[in-house]
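First, one chain by itself: the form predicted alone, in structure tokens.
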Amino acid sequence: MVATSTLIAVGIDGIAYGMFLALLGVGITLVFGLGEVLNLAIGMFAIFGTLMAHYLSTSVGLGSAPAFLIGIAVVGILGVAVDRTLLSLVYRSDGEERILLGIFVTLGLSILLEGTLTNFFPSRYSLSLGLPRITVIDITIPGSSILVIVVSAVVLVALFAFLRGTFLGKAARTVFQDEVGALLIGVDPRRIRAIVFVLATLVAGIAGVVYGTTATLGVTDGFQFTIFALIVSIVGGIRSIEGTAAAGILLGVVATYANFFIGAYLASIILFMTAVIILLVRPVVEA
């Protein structure tokens, strides 16, 4: 019989994992909603952030905070480079052709990043901060899980505030809902897409860095993260940021409980089954 305190502690770890998935899922939703580009390299951007932070903190000798911040900034710079080159080619097309071209381009980018990073980072790495465990009543929670929840929540709230409370955010939502209308009122969709793509890569970089404080990660995890982020985004509604965030938390909790009771392999299967069930029972919203 598993103690209630243990179940609660596992649930909190699940929320932390779910928040990580939510960040990645939101990254996919933003870029697809604005530019109809399914970013299949989102997981590699997260891993790139983890590896950069690890390199800067260990090989360069920076403190944890500067290493983490600069590592995330490097991910953003990579995002700018990808937007200015590969995505510029993708945005020359539209409709179904753009979606298909985006899939192939970002999938190829993911493979390129995985192959290149493997040469420099062949092992698995963590960003342990040595945070102590916190005990509340009889519930013991890893400090790193609390860090993931707090940082992810701050990022998601800031993202929602950006989309609703700033001019750029409102312009992005206008493009999201009606690109022709946005053009008529003077909004440049290409500029908005560039800003949001870089923002999505920064979110992925933050996700990789904070999750790296709780787990040991390697280059090959990037593809799995992309698949899970894609599931989260689809389950939450590929154009709904709030739905994607909620789906990430739900699926993260389900996967963590399943992993605790029956192991990692079957947990992945249960995560897929849960996603299918949600898609089958979810109400269909007419456009």
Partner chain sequence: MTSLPLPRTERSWTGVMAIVLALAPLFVLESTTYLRLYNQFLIFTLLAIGLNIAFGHTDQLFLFMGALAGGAAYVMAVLSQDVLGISPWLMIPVGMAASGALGALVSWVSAKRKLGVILISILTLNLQLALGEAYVGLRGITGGSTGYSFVGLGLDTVGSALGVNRFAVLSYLLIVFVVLAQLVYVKLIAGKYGLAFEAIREDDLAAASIGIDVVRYKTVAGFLAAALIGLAGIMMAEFQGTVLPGDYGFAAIDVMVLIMLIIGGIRTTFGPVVGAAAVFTIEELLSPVGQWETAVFGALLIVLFLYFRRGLMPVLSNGVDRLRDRDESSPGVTDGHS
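Residue numbers count along the first chain shown, from 1. Note that the structure is predicted; figures quoted are calculated from it, not measured.
Just so you know, the form predicted in complex with the partner chain exists too; it's not on screen, but the next bit is about it.
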Exercise. Pick the stretch from 46-54, 66-74, 231-239, 214-222 whose residues have a heavy atom within 4.5 Å of the partner chain in the predicted bound form.
Key: 231-239
Quiz item: Since exactly one of 138, 97, 188, 178 fits, which has a heavy atom within 4.5 Å of the partner chain in the predicted bound form?
Solution: 97
Practice problem: Have a look at 151, 78, 109, 159 for me and say which one sits with a heavy atom within 4.5 Å of the partner chain in the predicted bound form. | Solution: 109
Quiz item: in the predicted bound form, does each residue in the set 265, 268 and 282 place a non-hydrogen atom within 4.5 angstroms of the partner chain?
Solution: yes
Quiz item: Quick one: does residue 275 come within 4.5 Å of the partner chain in the predicted bound form, counting heavy atoms only?
Solution: yes
Self-check item: residue 120: touches the partner chain in the predicted bound form, heavy atom cutoff 4.5 angstroms
Solution: yes
Quiz item: Does residue 198 reach the partner chain in the predicted bound form if we count a contact as any heavy atom within 4.5 Å?
Solution: no
Quiz prompt | Partner proximity in the predicted bound form: residue 93 to the partner chain, non-hydrogen atom cutoff 4.5 Å | solution = yes
